[in-house]
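Coming up, as structure tokens: structure 1 and structure 2, two forms of one and the same protein chain.
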Structure 1
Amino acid sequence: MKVKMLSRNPDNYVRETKLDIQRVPRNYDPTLHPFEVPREYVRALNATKLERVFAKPFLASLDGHRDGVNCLAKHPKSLTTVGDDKTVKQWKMDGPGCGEEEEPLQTILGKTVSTGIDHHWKDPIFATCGQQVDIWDEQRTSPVCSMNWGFDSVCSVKFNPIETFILGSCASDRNIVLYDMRQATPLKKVILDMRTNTICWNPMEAFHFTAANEDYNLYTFDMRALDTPVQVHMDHVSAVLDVDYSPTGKEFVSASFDKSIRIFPVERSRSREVYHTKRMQHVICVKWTSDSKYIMCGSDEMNIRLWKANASEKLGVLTSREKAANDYNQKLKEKFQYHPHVKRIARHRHLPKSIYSQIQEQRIMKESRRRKEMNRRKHSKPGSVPVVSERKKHVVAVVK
């Protein structure tokens, strides 16, 4: 007689080593796991709520300065400064020894006052700006080349991180000028409505840069087509003073006179995050750290503040399960981002009263301006009041 027995392959249920997790067979039949959309929706909603619960971006405040912090730099290999005394000074990277007087390595007496300085990304070159843009070799005491276009003073100059021979500068006569260092000539000039305070190049896209403007907006330009900005970023309620790109090139942070800093995705016109504290005054400079995890800002009230770039991100080592859950939550939030409740919770931010009221006020102003223009268009000859897109509105002219 043949006896039939149930037999199982032990490979299917025995783990190879003790350290492996137990095998749990699972049936993925969709009829056994119904309501996938509602269940995922609930998970997404919870993830969004938890994100807001854990959003604690402020890490530290570094005090010690006795006046406003006007300038920040990250990971410098050499330190060069300019001052109102028409000098350019090079400094030692390590501080003075015990009992030693701190002295600059070299002091160059220039002919004009320099207002800004930037170092080349690879070569020992730096550029200063003032009445003209000067390119200096670190080894020499006179500028290698100097470029000039127009008469107004240039307030900031920045090297392109990818195509390193390109420079961008912004002058106080409301224009942004691009220079080519190799050909020793300016390239093009774009005139905006109001003055641009500084620009920043995208470190992953060679031809994109963002300009922080006095008219509360930031403009992202493609330097090959300056007549229309790629994107107008608006959310600030006062002049934008500084801007810096995340090293991933996907986002940038801007510092504003309205005592807040905002983080914008590059392709979006509205900010995804706003940071502020009660004591932080006008933010003058801001930097995104090179590992893209932190943001530093220097402000009027003598402090440097350190923030997390992702407000709710957990810092430190994550277990794989934590990481998986984190990724899943991110994806869920992304998937359900258009659902009204998720959207509302994700967007909610507490703002200081001054900023809040100014936002309301500006909304009213904008609406009334829009209405007025609409009325004007309605009551004038068709075509005489053309519709100008928001992007084109702020560019006055492009000078070749």
Structure 2
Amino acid sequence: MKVKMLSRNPDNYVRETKLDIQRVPRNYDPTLHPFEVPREYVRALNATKLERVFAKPFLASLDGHRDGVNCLAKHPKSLTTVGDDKTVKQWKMDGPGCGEEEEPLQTILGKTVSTGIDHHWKDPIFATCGQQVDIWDEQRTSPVCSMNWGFDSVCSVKFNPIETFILGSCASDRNIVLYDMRQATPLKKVILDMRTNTICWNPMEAFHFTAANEDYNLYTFDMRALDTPVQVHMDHVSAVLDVDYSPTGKEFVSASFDKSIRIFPVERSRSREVYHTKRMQHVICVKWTSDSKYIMCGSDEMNIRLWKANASEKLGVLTSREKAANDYNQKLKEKFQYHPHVKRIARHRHLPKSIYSQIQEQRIMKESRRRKEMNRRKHSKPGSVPVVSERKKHVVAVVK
């Protein structure tokens, strides 16, 4: 004979101590909770407001330089530097011993002045750029190979972290050139309207890279189809000087001449965050740390500043209840992100007066150009004034 009986586990409803919260079973039937959606909306609104209240991204300012900070680099194993004296020096990462002087491990004398350097992600190889792109072996004093395309100087060179035999460079003649180390020849180049200051490869997407341009925009390209950018990122009001990806490959940070840095999602054209201070001047370089939590930037007034990648993130160890509350609030904000009040609060950022006025001025100029183009198309022969998308406006030509 079978006997049916109820079984209750005390661990599910009995508190361990008197300080714990009472565990109450809940029925999730929606008919029993008719006000669940309005209640969640209020919670999402409050979570969005609290996120903006606790958004304090600035952490520290590292001073010590006697002039503007022009370059930042990150590499776990080696440090390689270039100077205006045509030398390339390799340094050891650990400091000198007691009574020892800091000396480079190796000094290489080049034929031309180098304006940029980048180390291979796996092999003991590094690349320098100046009048040409040189590939060096750490054990040799002469370049393994030299590549050039055109006669203008190359201002930046970067290795692809995934397809490690491919590197990209940008020159002062508005070109972005891709090279293949296996053949020691250039692959292709794209010519833009204005000069590109630097590029950065996506660490998760092998064929994608983002270029920081002088026309206030950033362009994300697929190297297989350079005739049209994948995305145009617009929010800066002055030339973009540097760009760096997060280790996740989902976001990147840009530094601009307008005294601010912005964080862009890869798939969106507008920034999700903007950082600025009263004393920060033109931001020359920016890097995203390898743990994806912090951002470093160097600017003209001799300081290196440290920021949080997520402005409202709490630093330190979180309890399980804090983690659960953060996850719950994040899901609520995602659920109601398109509601007008939540969207307005989440998007609002305080901007300096100079940036705000330049944004208004550029908006008027853009509307004027759009109106002029519409009038020209309206009073011209049908088809004589074609409609050109924003992504194709800035690409002049692709040369293979």
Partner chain sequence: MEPKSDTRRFFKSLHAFGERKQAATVDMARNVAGLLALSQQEELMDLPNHSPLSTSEDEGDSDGERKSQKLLEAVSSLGGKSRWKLAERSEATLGVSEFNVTSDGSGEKLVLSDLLESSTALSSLAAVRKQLLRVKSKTLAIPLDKKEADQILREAAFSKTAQVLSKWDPVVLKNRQAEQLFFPMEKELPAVAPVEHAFTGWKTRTPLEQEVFNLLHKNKQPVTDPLLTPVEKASLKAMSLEEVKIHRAELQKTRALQSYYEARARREKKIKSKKYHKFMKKGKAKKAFKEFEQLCKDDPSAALQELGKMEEARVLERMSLKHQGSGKWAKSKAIMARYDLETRQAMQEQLAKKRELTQKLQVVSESEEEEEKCTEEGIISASDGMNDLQMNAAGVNPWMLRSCNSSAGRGELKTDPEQLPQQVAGGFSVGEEDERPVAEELVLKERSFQERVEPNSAKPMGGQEAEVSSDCQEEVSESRVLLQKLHKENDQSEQQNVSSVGTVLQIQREELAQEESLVPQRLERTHVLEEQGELGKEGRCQKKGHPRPMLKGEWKKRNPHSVLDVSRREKKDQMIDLQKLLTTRSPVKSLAVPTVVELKDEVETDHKQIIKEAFAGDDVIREFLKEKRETVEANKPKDLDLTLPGWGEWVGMGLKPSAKKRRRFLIKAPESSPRKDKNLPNVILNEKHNILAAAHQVHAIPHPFTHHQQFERTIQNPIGYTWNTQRAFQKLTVPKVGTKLGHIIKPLKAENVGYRSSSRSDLSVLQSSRKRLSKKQQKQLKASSAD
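Superpose the two forms; the largest set of C-alphas matching within 1.5 Å is the rigid core. Every value quoted in this text rests on a predicted model; they were computed, and no experiment measured them. Numbers follow structure 1, counted from its first residue as 1.
- Of the two forms shown, structure 1 is the one predicted in complex with its partner chain, while structure 2 is not.
- Relative to the superposed core, Arg15 undergoes a C-alpha shift of no less than 2 Å between the two structures.
- For Leu6, the CA shift between the two structures after superposing the rigid core equals 10.5 Å.
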